[in-house]
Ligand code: UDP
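Below you'll find only one chain, the form predicted alone, shown as structure tokens.
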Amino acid sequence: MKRVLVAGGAGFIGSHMCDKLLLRKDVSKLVVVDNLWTGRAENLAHIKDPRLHFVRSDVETLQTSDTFDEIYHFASPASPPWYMKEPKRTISANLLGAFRLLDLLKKGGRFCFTSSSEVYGDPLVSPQPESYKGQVDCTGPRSSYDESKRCTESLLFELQRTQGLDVRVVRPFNCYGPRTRPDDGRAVSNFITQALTGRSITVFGDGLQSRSWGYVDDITEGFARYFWMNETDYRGPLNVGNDREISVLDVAKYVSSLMGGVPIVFKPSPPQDPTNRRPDLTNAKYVMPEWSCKVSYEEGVAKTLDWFRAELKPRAPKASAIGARSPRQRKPMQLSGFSSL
């Protein structure tokens, strides 16, 4: 039986991965550490499984004498407005978080890291294969996220080379879906939230910049297959995403049409906004030939809209199943088996 730690497990993708991990019969304990910076306690409130234990803490300062058979590192903001506002904190969560988590990994354990397609920067090659070195500006406004992902990859793959670390690294492409924060700031959630709250949909630039939109169920299924379900000799990293490329403007128009024709307004493009994103899935097809992104963006956006409609509906406040703590409070929650929390 395995003890598993998920850093950032109350976040958008992390919480979906917790659902998948708890389907496993070989997991005896699942510890989630999250400081609720961009994660939300509500993302885990539906889980009643006694194997889940929540610890509120920054990942890089987590105190415990316990060790784990598998560690999953999702602890980082992924939306430009969030990581551009707090670059030091973003770099710390990714890189120093990885250093701390590596100390908690049992000998022979597996370390799984969620990197990003942002490691390719504003690519000159499309689609982007894992071998593409990318075009990232290490002094640019997005660099705290891009470079901390790249540096953490470097750390992990060098430990793989020098110490035989069992590592799995994925590079997701533009994931969206339920459990995204209403104030997340990325395109799909932004468009839907604006439309549902009676505002115009904001498109930056001309909207012709393209992305490959992957619905969260498809993306996390790909993660699970690479992280633990499929045996493979591929050493990573691995692109996981939808290779159907669609412009931001087309998505805005689609959301508008679902909401009865919400107006679309244009604003200046943010600095260094990538012009395109599309994964080369050659390695993904080798590692997990049975996997593909099955949910079309039309279906996925409609599902996400339905979720946000329910989420934004006014309702009486209630205590979280994880604990009725204000997100502003920083003190971690005390759980058995952990010291100095």
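Everything numeric here is computed off the predicted structure, so don't read it as measured data. The numbering used is simple: start at 1 and walk along the sequence shown.
The protein also exists as the form predicted in complex with the ligand; that form is not presented, and the subsequent description refers to it.
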Candidate stretches 102-110, 227-235, 86-94, 266-274 - the one whose heavy atoms come within 4.5 Å of the ligand in the predicted bound form: 266-274
At 4.5 Å between heavy atoms, is residue 120 in contact with the ligand in the predicted bound form? no
Though only this chain appears here, would residue 128 touch the ligand in the predicted bound form if you measure heavy atom gaps against 4.5 Å? no
Answer yes if any heavy atom of residue 141 is within 4.5 Å of a heavy atom of the ligand in the predicted bound form; otherwise answer no. no
Partner proximity in the predicted bound form: residue 160 to the ligand, non-hydrogen atom cutoff 4.5 Å: no
Only one of 216, 71, 203, 156 comes within 4.5 Å of the ligand in the predicted bound form by heavy atoms, so just point that one out. 203
Assert contact residue (the ligand, in the predicted bound form, non-hydrogen atom within 4.5 Å, options 262, 136, 98, 187) equals 187
When the ligand is considered in the predicted bound form, the residues of 58-83 having a heavy atom within 4.5 Å of it are 80
